[in-house]
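The chain below stands alone and is given as structure tokens, in the form predicted alone.
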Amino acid sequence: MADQKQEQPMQAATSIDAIDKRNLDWFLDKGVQVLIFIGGISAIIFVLGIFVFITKEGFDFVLSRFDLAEFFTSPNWRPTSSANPTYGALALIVGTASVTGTAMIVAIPFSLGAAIYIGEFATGKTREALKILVELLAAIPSVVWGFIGLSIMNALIIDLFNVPIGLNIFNAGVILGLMAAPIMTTIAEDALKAVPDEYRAAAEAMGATRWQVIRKVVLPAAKNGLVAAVLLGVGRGFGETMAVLMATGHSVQIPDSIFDSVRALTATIAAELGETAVGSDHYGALFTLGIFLFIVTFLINLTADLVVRGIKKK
């Protein structure tokens, strides 16, 4: 009887400890859930906050001074003119589009080729080393890329193509293409890996060569993911600032060739905002450019996300 009386308090203490442990685990689980929820929702809050901020700063200009026809059809960007200030963004839009288009011509073959080799041909340590090198390429700061375009590519383009200045669309396009390539390579490789191995095995069983399997089976099956990779690369190029500012020549004009200097939207905001009076028309016009940039990049990324969601549903 004495032993039973001693066991009862011990069992009670054990059950209390078990209850306390379950309660602690429950609180920890809920705490982690709350932290994850805050981390996820914070991205949405930050994006909305940025949009609200740039819209608020440019709202007065849009209501009072903004001319839609002038903004999208006039190449004359003269916001500091005392006699007749004009806010035509056509040359800036064309400059941004030309640099981004040249960058995609450079980046798409490089990225898809690298993704195909890493995903379909490389094995073991070779694959891991290449993936690490691609990630290191993405870690290079944009100002370093801009310095390469300013100091190395500038002289190289002048010597090779016999042009008066090497700070132009071609220079910025090559630099921007190399900057956009890592993210495009990573996403393209993920799209190729998502293709079931049964597709490859079935094609090989029918006598297809390795390249025929890739060209006629893997690439068509992964096309939506590859399109998403390209779109994200376009968004990356469209929103780049420092490298474009340093490598384009920063000249407001509609280009006639890839060796002409241009000015991008992002570079215009970066170069002029610090010297503009807060609340002036020039200040509002720069934030209007920011609103336009935000909408374009948002639509590009939204399209890429919808394409990726289409892959998952399939």
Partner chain sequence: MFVATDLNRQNDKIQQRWRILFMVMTLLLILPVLIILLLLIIRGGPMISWTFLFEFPEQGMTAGGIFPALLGTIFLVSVALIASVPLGIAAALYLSEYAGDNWLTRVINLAIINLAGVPSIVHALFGVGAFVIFFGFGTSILAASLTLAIMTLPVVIVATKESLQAVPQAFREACWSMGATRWQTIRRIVIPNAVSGILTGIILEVSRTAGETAPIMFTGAAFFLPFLPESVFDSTMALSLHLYVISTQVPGVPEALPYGVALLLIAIVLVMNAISIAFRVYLRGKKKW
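Keep in mind that this is a model prediction, so the values were computed, not measured. Residue numbers count along the first chain shown, from 1. Think of the rigid core as the biggest set of C-alphas that the two forms share within 1.5 Å after superposition.
Beyond the structure shown, there is the form predicted together with the partner chain, which is absent from this document and is the topic of what follows.
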Note to self: Quick check on Asn154: any heavy atom within 4.5 Å of the partner chain in the model of the complex?
What the structure shows: no
Check: Taking heavy atoms and a 4.5 Å cut-off, does Asp256 contact the partner chain in the model of the complex?
Finding: no
Margin query: Taking the partner chain as it sits in the model of the complex, is Asn171 near enough to touch it, meaning that at least one heavy atom pair lies within 4.5 angstroms?
Written below: no
Item checked: Touches the partner chain in the model of the complex: Gly113 (any heavy atom, 4.5 Å) -> yes
Next item on the list: Pick the stretch from 233 to 241, 157 to 165, 92 to 100, 78 to 86 whose residues have a heavy atom within 4.5 Å of the partner chain in the model of the complex.
Entry: 233 to 241
Margin query: Going through 177 to 208, which residues have a heavy atom within 4.5 Å of the partner chain in the model of the complex? Please give them in sequence order.
Written below: Leu178, Ala181, Thr185
Notebook entry, point to check: Can a Cα shift of no less than 2 Å be assigned to Val34 between this form and the one not shown, given superposition on the rigid core?
Noted result: yes
